[in-house]
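Encoded as structure tokens, the following chain is the form predicted on its own, with no partner shown.
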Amino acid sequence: MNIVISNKDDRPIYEQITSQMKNMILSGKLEEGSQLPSIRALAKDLRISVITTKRAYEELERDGFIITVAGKGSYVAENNSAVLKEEKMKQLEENVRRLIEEAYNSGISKKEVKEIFDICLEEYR
């Protein structure tokens, strides 16, 4: 599993892990039912605290991305389309907010942003 921890990232380490693992699940790089490294193994691999890795797994389980079976390990949860769609909507919303902030800081009007969006939407169709 290729997870990169960055000291330059403002987010806590457990959030960096959960974010990257969610992206791997959403993109299909981690398939449903596939076993994840144990908490200890991932902590050792990333050279971080077991507590940090445990928190990341707890967050992923709470959000419905993984399931943990006592004594057996953690697995990518079965494809729950509602959870996946909600996560994708959340990511889209974050991206749109960043674009709006960039447009605002650049002096681009609301009308111009809508025009750009409409043009791009038409091109995509």
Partner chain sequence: MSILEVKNLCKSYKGFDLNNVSFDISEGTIMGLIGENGAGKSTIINIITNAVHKDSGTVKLFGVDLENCNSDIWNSIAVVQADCGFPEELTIKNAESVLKGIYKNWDSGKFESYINKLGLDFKKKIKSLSTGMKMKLELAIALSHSAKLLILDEATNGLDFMARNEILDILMDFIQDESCGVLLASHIIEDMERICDYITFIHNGNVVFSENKDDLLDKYAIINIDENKLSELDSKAVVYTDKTQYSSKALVYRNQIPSGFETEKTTIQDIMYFYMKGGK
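Numbering follows the first chain given and starts at 1. The structure displayed is predicted, hence computed values, not measured ones.
The protein also exists as the form predicted in complex with its partner chain; that form is not presented, and the subsequent description refers to it.
Q. Do Gly107 and its partner chain share at least one heavy atom pair within 4.5 Å in the model of the complex?
A. Result no; Gly107 lies far from its partner chain in the model of the complex.
Q: With heavy atoms only and a cut-off of 4.5 Å, decide whether Leu36 touches its partner chain in the model of the complex.
A: Leu36: no contact with its partner chain in the model of the complex.
Q) Quick one: is Leu92 in contact with its partner chain in the model of the complex, heavy atoms, 4.5 Å cut-off? A) Answer no; every heavy atom of Leu92 is more than 4.5 Å from its partner chain in the model of the complex.
Q: Tell me, yes or no, whether Ile5 is in contact with its partner chain in the model of the complex, where a contact means a heavy atom of each within 4.5 Å.
A: Looking in the model of the complex, residue contacts with its partner chain include Ile5, since a heavy atom lies within 4.5 Å.
(Q) Considering non-hydrogen atoms and a 4.5 Å limit, which listed residue (Ile67, Leu26, Leu99, Ala41) is close to its partner chain in the model of the complex? (A) Answer to the contact question: Ala41.
**Q.** Proximity to its partner chain in the model of the complex (heavy atom, within 4.5 Å), stretch among 27-35, 52-60, 84-92, 71-79
**A.** Careful reading of the contacts points to 52-60.
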